[in-house]
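Take a look at this single chain, the form predicted alone, given in C-alpha cells.
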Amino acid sequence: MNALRFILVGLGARSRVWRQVIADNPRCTIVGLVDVDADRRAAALAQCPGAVAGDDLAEVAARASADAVILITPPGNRHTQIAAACDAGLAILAEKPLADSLAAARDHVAAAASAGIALSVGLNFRYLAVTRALCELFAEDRLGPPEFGHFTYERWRDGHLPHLNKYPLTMDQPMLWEQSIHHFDLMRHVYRADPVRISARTWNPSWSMYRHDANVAALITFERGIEVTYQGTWAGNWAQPRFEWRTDCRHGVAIQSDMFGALGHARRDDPELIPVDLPAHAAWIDDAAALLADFVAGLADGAPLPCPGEDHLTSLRMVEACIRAAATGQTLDLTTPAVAQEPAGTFANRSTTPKAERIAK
C-alpha cells in the first residue's frame, strides 16, 4: 500500500515523539505541519522536507494531499481543528483528552461520525508492555476475578520545565483532565469494566504551582462490584515519584509498582511477589509506535480502530463525575441518564478548597 499521509497539528514537545514514530513506520509519512509559531514550523520542516507548513489546518489540508491528522494541541477549543479535519475528510488521531469538557468531546465525536471519518484518541498507556502484561495476567485468571484495588500516583510535576506543556498550569482541574484520565482509562481497560459510581474530593496544596486543583482522591465502583480507591497528585512535595497499582483478587494480588514496569503477583500464602518478565520498552516511543500501528491498521486494513472516540467518552465521564462529586459532596451514579448526560461546565470552575484558604498563584 501507499504510505498513509499525515498532517501534524501542534509542533510542541510531544510532536517530536510523533515525528519519530512516523519516520520509523514505513506505512506512514508526514505531508503537513501546522502551528501558530513560525520557529516551530521551521524546525519541523527541517526534519520533514517536502511537507506543507502553515498556521491553519484548513489551509494546509487544501495544499497537502493527506489521509489523516494528528492533533497534538491543548484539548480546549479544538472545534475548529475537528471541523477542518471533517471538512477535508481526514481521519483523526487526537492526543488525550479529546476535549476539556464532556460536552465538547461529545460534539467532536458526533462531528466525526456525521462526516463518516475515523476518530481515535491517543491513550498510549494502553500500549505499555506492563499494561499488556497486566491484561494477560487477569485474562489467565490465575488470581481469580479482581474485587478491589488501590491506585496511587504521586508526582512533583514542575510545569515550568521547558519540555512540558504549559497550558495545564492555568487550566481547571489539571490533574484530572491531563493525568487521571490516563489512570481511569487504564482501570477500565485492564479490568474490562465500566464505572457505575464515583465519590471524590479535589484540592490544591498551598505550594502548588497550578492555578487549580492538583490533587484528587476518589472511590470508584466498577461493574461486577470492583471497588478502587484512587489517589493522584501533581503537587507531591518530594521530587521522587511514587506509583503503585495494587489489585486484590479472589486468590491473590497483582501489584504494579512503576508506571512503566515492575509488575508482580502473588497468591495469598506466597512469601513474596513473583515478578513478571517484561520486554525492553522505550517509554513514550514504543507505546506511541504501537498505537500508531493499530491506527494505520484500522484505516488501511479494516482492523478495529484503537481507542475510538465513543469509548473515550466513558473515561471522560469519570473525570466530570469526580468534579461534580467533589463540588457537591455526593456519590454519583453513572448509570443514571441524568448524570451521564448532564451538561458540562456546571462544576468545572469550583474548587473544594474554600476561596479564603487558597493562595493566589
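Just so we're clear, the structure is a prediction, and the values are computed from it rather than from any experiment. Residue numbers here begin at 1 and follow the sequence given.
Just so it is clear, the following notes concern the form predicted together with a small molecule, a form of the same protein that is not shown.
Novice: Between the options G144, G225, P74, P205, which residue brings a heavy atom to within 4.5 Å of the small molecule in the predicted complex?
Specialist: Among G144, G225, P74, P205, a heavy atom within 4.5 Å of the small molecule in the predicted complex occurs only for P74.
Novice: Can you work out which of Q173, S180, N124, Q256 has a heavy atom no more than 4.5 Å from the small molecule in the predicted complex?
Specialist: So the residue touching the small molecule in the predicted complex, by this definition, is N124.
Novice: Can you pick the stretch from 262-270, 90-98, 209-217, 111-119 whose heavy atoms fall within 4.5 Å of the small molecule in the predicted complex?
Specialist: Looking at the partner contacts, the answer comes out as 90-98.
Novice: Can you tell me whether Y167 touches the small molecule? I mean in the predicted complex, with a 4.5 angstroms heavy atom cut-off.
Specialist: Result yes; Y167 sits at the interface with the small molecule in the predicted complex.
Novice: Does A300 reach the small molecule in the predicted complex, with heavy atoms at most 4.5 Å apart?
Specialist: No, no contact at 4.5 Å.
Novice: Using the partner position in the predicted complex, report whether V34 sits within 4.5 Å of the small molecule, counting heavy atoms only.
Specialist: Result yes; V34 sits at the interface with the small molecule in the predicted complex.
Novice: Counting only non-hydrogen atoms and a 4.5 angstroms cut-off, does W284 reach the small molecule in the predicted complex?
Specialist: Although the small molecule is absent here, W284 would touch it in the predicted complex, with heavy atoms inside 4.5 Å.
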